[in-house]
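One chain comes next, on its own, written out as structure tokens in the form predicted alone.
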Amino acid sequence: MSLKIYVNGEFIDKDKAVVSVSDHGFLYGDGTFEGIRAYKGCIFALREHLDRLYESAKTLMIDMPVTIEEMEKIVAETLIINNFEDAYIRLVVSRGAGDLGLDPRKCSRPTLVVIADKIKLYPEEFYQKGLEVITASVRRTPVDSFNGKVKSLNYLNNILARIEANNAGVGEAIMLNHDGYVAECSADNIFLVKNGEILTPAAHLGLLKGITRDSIIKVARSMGITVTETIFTTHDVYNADEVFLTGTGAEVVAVVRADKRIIGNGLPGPMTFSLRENYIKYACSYGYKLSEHIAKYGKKTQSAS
């Protein structure tokens, strides 16, 4: 069966799902998106992801074409029609089709696309052996230029950092803010373990407050681990007992070498393994249940919002 993509109220075969070349998401990166995971029929933290999507759209002054409740149904139906219980979901809202000028007033209505598919960001050996990372020369966009809380379609800042990681032959790149403090990685949030406690960059440093990041903080604290959101530099990264990254695609993955410095004993640490195990358990149980959706609405696919 061909993968079905939700585009502006309809489910369309993947090879026929298109948006206009005049769409300002394509022309200018004008829009917002979310990446969401589903585990065993549970769409993890769906409402938290949608809250962030709608907040981003509000900041960008994009009028969302459906309510949050309608969007929940659309995401669930996208999984159901594709017979997915475990999947990665990409939700994209752009300004919509306009003219070749950048004036958003020329765009009549937003474009809404929901894609569900399989994803595995890192091979399994990375979870067992850990990642090597570098510090990118590209800095995180300053908050007074563009607020990092907005998950926009323009990801060039992060992509340039990822290119540096690719060129160095490593798995990720740490990004600093303009004051030289560690902010995040190109596609992940970063955590340090030191003396049995966890440190992660504070949100005011310009990073994207990841849903997985916030979930890991919640899981760690439920395990009795102290978590502090603070400021630190690469010096602290190099001298940490453990370092790990979190993200929707990556979940929880250890860093064992940073800028050629070995982290800890050069292997994923016990706290990282424990947090990953407990996070997966949490993710499989917390969120929007497809079984409850089907019980309430049936399996009939909605073709329009």
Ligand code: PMP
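Model, not experiment: these values are computed from the prediction. A residue's number is simply how far along the shown sequence it sits, counting from 1.
Form predicted together with the named molecule: not shown, discussed below.
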- Message: Based on heavy atom distances of 4.5 Å or less, which listed stretch (221-229, 74-82, 204-212, 96-104) is in contact with the named molecule in the predicted bound form?
- Response: 204-212
- Counting only non-hydrogen atoms and a 4.5 angstroms cut-off, does N158 reach the named molecule in the predicted bound form? yes
- Within a 4.5 Å heavy atom cut-off, is R52 in contact with the named molecule in the predicted bound form? yes
- How about G247: is it within 4.5 Å of the named molecule in the predicted bound form, going by heavy atoms? yes
- Message: I'd like to know if I174 sits close to the named molecule in the predicted bound form, meaning any non-hydrogen atom pair within 4.5 angstroms.
- Response: no
- Task: Taking 4.5 Å between heavy atoms as the contact cutoff, choose which of L91, L131, V193, C185 touches the named molecule in the predicted bound form.
- Result: C185
- Could you list the residues in 127-154 that come within 4.5 Å of the named molecule in the predicted bound form, counting only heavy atoms and keeping sequence order? R140, K151
